[in-house]
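Below, in structure tokens: the form predicted on its own, a single chain.
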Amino acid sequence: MNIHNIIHGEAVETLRTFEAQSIDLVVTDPPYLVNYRDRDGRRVRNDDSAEAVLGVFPELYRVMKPDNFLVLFCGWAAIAQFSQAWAEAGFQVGGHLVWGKDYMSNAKHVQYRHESAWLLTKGRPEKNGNALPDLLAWTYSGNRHHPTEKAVEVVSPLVRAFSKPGETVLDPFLGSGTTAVAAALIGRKAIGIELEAKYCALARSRVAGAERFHATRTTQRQAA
């Protein structure tokens, strides 16, 4: 696998081709299994397929190195299914992250004003002397590229906090490429898997731009 490798394929099948214990960090925002449709009618592939989404957990556990983290964005509606799947794969909960929003994205019994992610562990990662707060400020991406796109400003602190420079960061549900962009911007190796070809092309373009920016910034720092 090369640096910043964006793979067009199905997540579970592609992960089966990876070497065991080859990944340092996983950060991913999978389909929430809620048949989501945004205001423009856009949908998320496999948002109605528990097998395609939850089937990644055993493979992620296999490909991750021991004593490392998986950051999983996950809605509450299917949390019972997700938590059962990650526990059966061997992951343990190491923390819970919440991003407060200054706007309401929906309302039923309550107003929806936050996003959340689970910090899962394989083994016993070392404690971080400068731990990330579990309550963070949200940045809205505008969902320009993808119906559930996360902003780079949201993902970058996760990559920085839970990996080291030069390590390999994987997102098996890459979408428009945000995790890979964040990794490339701060000196990590990015590997992404995405089912839709149009998003793979977009992710490759975004990551190439991030890589150029990182190289320029590194050169400027060395010259300073």
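Numbers follow the displayed sequence, beginning with 1. Predicted model only: the values in this text are computed from it and were never measured.
Below: the form predicted together with a small molecule, not depicted.
Remark: of stretches 77-85, 90-98, 109-117, 143-151, the one touching the small molecule in the model of the complex is 143-151 (heavy atom within 4.5 Å). Contact annotation for Glu196: at least one heavy atom lies within 4.5 Å of the small molecule in the model of the complex.
In the model of the complex, the small molecule sits within 4.5 Å of a heavy atom of Phe173.
Shown alone here, Glu59 lies farther than 4.5 Å from the small molecule in the model of the complex, counting heavy atoms only. Taking the partner from the other structure, the small molecule in the model of the complex has a heavy atom within 4.5 Å of a heavy atom of Ala11. None of Val44, Val63, Leu185, Val159 but one reaches within 4.5 angstroms of the small molecule in the model of the complex through a heavy atom, and that residue is Val44.
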